[in-house]
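Consider the single chain below, provided in structure tokens and representing the form predicted on its own.
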Amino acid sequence: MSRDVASIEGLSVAFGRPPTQVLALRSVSLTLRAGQITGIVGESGSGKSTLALALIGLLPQAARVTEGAIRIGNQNIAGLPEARLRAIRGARVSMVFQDPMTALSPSRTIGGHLLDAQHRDRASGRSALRTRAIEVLRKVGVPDPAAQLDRYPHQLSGGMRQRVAIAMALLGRPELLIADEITTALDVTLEAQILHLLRELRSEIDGAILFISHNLGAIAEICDQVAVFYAGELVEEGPVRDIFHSPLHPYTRALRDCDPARIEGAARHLPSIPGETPVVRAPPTGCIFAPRCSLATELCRTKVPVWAAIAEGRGVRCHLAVSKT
């Protein structure tokens, strides 16, 4: 069994205050292990990015952790002051965002960004930092890395900018690398290259990768473990093969069946799940997915399902799924 890099224990996050608060995450528990890529899937508003921001201590001011713990190793970072969180970001947890231009200043060279990312190692000297930057750029597949240090972000393609952003995240040798929708803005060819890079990094870094994406094909291609989120709840978790071949939760099955890659032949309309993801302001009285679930019973509408562990790393939050196992 690989070591636990990070563990989320009963985490709840709220935006605002009652009665207008939004319960963005509710009682989420998840473990991220070294050597694994864990995928997070779910519709917009399911809590994926909120979880990522909580893991790196970048929740907006309007958000607050109302209960639970976020452990990086043995340290609970939930509620730590900003000064202590700054010591953790980059060194223990790093994040790559969807748009690399939000991480790269147009007025700074690539070398300037990479040297700044090594601010904790400044005592090593500028030459050593530059050498390390070149090594990491080469590792993430940037051609002629030494020459790229003097270029500006707008002089690189979108795929190269994303590689630079990944290099910045790796310079601190983090235990946990969070990739939040990093292939969404890329074309199919560049997406395949970045996914291949993440697969290679899994063996390069002594830690875990959290990969957040709407793209089920990308999740299926590179992830070892998958966690399915809906309206702030973790509704199913399991090995990638189990999630795609034998999903237990109706929502997971609906997501899988909406994947355009599963459509055979021409189709006038793309499959979709009826209804919308709800904005949750108070604890639900039943299954949060029941209003959109074609299989929902009276039990589903009146009793909140509890998390049921089916096997090691396999679990579900659904009355119907538990009754069949």
Partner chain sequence: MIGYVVQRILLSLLISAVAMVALFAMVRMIPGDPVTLMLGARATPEAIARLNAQMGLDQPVITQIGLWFSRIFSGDLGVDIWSQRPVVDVVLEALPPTLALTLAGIGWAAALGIPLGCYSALRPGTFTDQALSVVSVGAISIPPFVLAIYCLLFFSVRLGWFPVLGAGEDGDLADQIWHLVLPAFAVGLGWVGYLARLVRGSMIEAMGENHVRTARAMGLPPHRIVVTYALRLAIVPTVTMLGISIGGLLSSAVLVENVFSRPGLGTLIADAAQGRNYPVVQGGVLAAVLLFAIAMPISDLVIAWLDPRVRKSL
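Predicted model only: the values in this text are computed from it and were never measured. Numbering follows the first chain given and starts at 1.
What comes next is about the form predicted in complex with its partner chain, which does not appear here.
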Exercise. Three residues, E67, R71 and Q75; all within 4.5 Å of its partner chain in the predicted bound form via heavy atoms?
Worked result: no
Seminar exercise, completed: The one residue among R89, R173, R202, R253 placing a heavy atom within 4.5 Å of its partner chain in the predicted bound form is R89
Exercise. Looking at H214, R108, R132, R138, which is the one with a non-hydrogen atom within 4.5 Å of its partner chain in the predicted bound form?
Worked result: R108
Exercise. Does any heavy atom of M168 come within 4.5 Å of a heavy atom of its partner chain in the predicted bound form?
Worked result: yes
For this session: Indicate whether its partner chain has at least one heavy atom within 4.5 Å of a heavy atom of D206 in the predicted bound form.
Result: no
Problem set entry | its partner chain contact in the predicted bound form: L195, any heavy atom under 4.5 Å | no
Exercise. Going by a heavy atom distance of 4.5 Å, is S124 a contact of its partner chain in the predicted bound form?
Worked result: no
Problem set entry | Per-stretch contact check against its partner chain in the predicted bound form, the hit in 124 to 132, 240 to 248, 110 to 118, 141 to 149 (non-hydrogen atom, 4.5 angstroms) | 110 to 118
